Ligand code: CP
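One chain is shown next in structure tokens, namely the form predicted alone.
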């Protein structure tokens, strides 16, 4: 890999998955591969799990890690040919080139505006750094994808599955704020390349981009989707068609014990942070089939596998 932005090809995912499993099982075998290397993480939006897990992954490899909150006062221009007489004091051409001199790998986290869909889906920030950086770039979440999260999700499913090809359900759930489509987009993109039976369920008006969905099965009947499921992944997202809009806060979509009883003793997953008793009832997330903490732990091993692979490449 030259960078890590989206789901690789199937054989690449299988190889990375095997690497992540090996790193998790024998982390001491990988502690020196990043010595004298520097990981620079630029956060255009705040983070908890992504920041700490990626920092830990770099440190586990022996890397030096520098994190910068790039959303406070650092005004970067991304437009080609811009007349820079406004707030932006630096163009991404220089910014990416300069950071590349300090870094062996650059991590970038950016969010969508949820106002201009075409602009968000062009991935202006991450694409510009990939174009102008001279070192590998890792997406720490972008406007449309969160590949490190999805890789950790796949690792978690591999660890907890009880059958070779489990039924995995991505279920929309209510939320008081408008959230991006990045996590569900990325989850679907990765699951379509994994050995799972994927079902996506959401209310009317919440379909995802066909670029990510492909031929994945979709139903607006949540109970139908849950029937016989082995994994329930709950996540809210705002409307793609009516871009950024909240079309529903229907509490009947909250994941409850009654809903989980329709499944085949499914494991409950969520990327966190989670709104308790809005997205999921306490009795579910605190129950024996909740694996959200194990899922969060796997963020480190997924990130470490990606960083190691980029260093070796």
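Because the structure is predicted, anything quoted here is derived from the model rather than measured. Positions refer to the first chain, counted from 1.
Beyond the structure shown, there is the form predicted in complex with the ligand, which is absent from this document and is the topic of what follows.
Contact with the ligand, judged by heavy atoms within 4.5 Å in the predicted complex, is confined among 74-82, 119-127, 90-98, 146-154 to 146-154. This chain is drawn without the ligand; in the predicted complex, the residue among 47, 69, 248, 256 with a heavy atom within 4.5 Å of it is 47.
A single residue from the set 278, 272, 262, 59 has any heavy atom within 4.5 angstroms of the ligand in the predicted complex; that residue is 272. For residue 202, no non-hydrogen atom is located within 4.5 Å of the ligand in the predicted complex, even though that partner is not displayed. Shown here without the ligand, the chain has only 109 in 91-110 lying with a heavy atom within 4.5 Å of that partner in the predicted complex.
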